[in-house]
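First, one chain by itself: the form predicted on its own, in structure tokens.
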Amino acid sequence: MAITRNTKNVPYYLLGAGAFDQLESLVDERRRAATGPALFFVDHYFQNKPLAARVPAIAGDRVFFVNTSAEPTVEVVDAFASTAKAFLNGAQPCCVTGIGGGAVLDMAKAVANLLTNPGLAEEYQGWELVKHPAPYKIGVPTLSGTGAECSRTCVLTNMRRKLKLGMNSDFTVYDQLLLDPELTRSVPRDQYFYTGLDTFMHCVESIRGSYRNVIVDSLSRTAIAMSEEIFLGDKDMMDEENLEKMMVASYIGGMAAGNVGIIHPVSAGLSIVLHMPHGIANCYALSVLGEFYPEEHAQFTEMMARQKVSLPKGICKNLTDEQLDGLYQGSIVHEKPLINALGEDFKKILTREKVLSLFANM
């Protein structure tokens, strides 16, 4: 067996209902360990809601509410980073905390990277481009499935380059997680399904690809099995036990998410052109990829029926030639995952005609 790459995971996590109550003490530890204020990035959904009142900010801290109606873009990251730097006035924060779904968790990670690395966000889209450690980061997911809480990347949309790509770096990993399944109870049912399936999909892509090792395979199989229990089992997918199970599956799946396949590139095309959220974009992608993932496609179809979730058809009708080109380019640009799934000659399989036929079937 080949030697695996030197891998970093989140050093600390707290799991269980009520874990959010420990955030104040964890932030206080950071106040004692380092000078500088605490920065909090919170999903705008919670603004003027009870959870926002529980954020342990004190005088001198800063709370940023992140609009999650669209995927994180490099421009928005740059704007937040610029505002944060002006607020800090040359200092560094004692910690940066992200509270929300994958978009907020990625935003907090990306801004933290820019606090210690010069330049713009797009300069760090790629692999191992971040050169300096970010400030201490605490992640608090309020939605399960993306694995953003434990992944080594923060995925950003770059409209100028027609690209959706992360800052893939060990410096992007959170230092501490609070995994409180109670925070996911208010998620709308369809969104819970679409986002939760991200765990299933990136683990399927990983285990069906060629960039594999025994650890990632084991993590992927575990997360896939848990996803099957959640979405195909007898209990409701959002009952108390499954809320916790989904949060654990997301964490485990996030550690196996580095090597995706065809689903995520096709999903990226939808995000670039139609500005579609990541979770539902993945679902649309898998819905037309049965020839590449036949067993998983059948499971996905059964999961939708079991959970009474549907995907409206015809989302790519009446698009302009420019939009169609964007769908193709926004998908095919992701060479690393497509080579993982199909090999070096992936463009002979995913021709322009083939890719556009996939979108036409959505």
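The first residue of the shown sequence is 1; numbering continues from there. Please read all numbers here as calculations on a predicted model, not as lab measurements.
The same protein also exists as the form predicted together with a further copy of the same chain; that form is not shown, yet it is the one meant from here on.
Three-residue candidate spot Lys8, Thr222 and Ile252; every residue lies within 4.5 angstroms of a further copy of the same chain in the predicted complex by at least one non-hydrogen atom. The closest non-hydrogen atom of Ser271 lies beyond 4.5 Å of a further copy of the same chain in the predicted complex. The closest heavy atom approach of Leu115 to a further copy of the same chain in the predicted complex falls outside 4.5 Å. Among residues of the shown chain, Ser357 is not one whose heavy atoms approach a further copy of the same chain to within 4.5 Å in the predicted complex.
When contacts are judged by a 4.5 Å heavy atom cut-off, Met226 counts as touching a further copy of the same chain in the predicted complex. Stretch 242-250 is the answer when you ask which of 203-211, 263-271, 242-250, 91-99 has residues with heavy atoms within 4.5 Å of a further copy of the same chain in the predicted complex. Just one of Val130, Ala134, Leu286, Leu179 comes within 4.5 Å of a further copy of the same chain in the predicted complex, counting any heavy atom, and that one is Leu179. With the partner omitted from this view, the residue of Ile215, Leu232, Leu120, Ala79 that lies near a further copy of the same chain in the predicted complex is Ile215 [heavy atom within 4.5 Å]. Contacts to a further copy of the same chain in the predicted complex (heavy atom within 4.5 Å) from stretch 8-45: Lys8, Asn9, Val10, Pro11, Tyr12, Tyr13, Leu14, Leu15, Gly16, Ala17, Gly18, Ala19, Gln22, Leu26.
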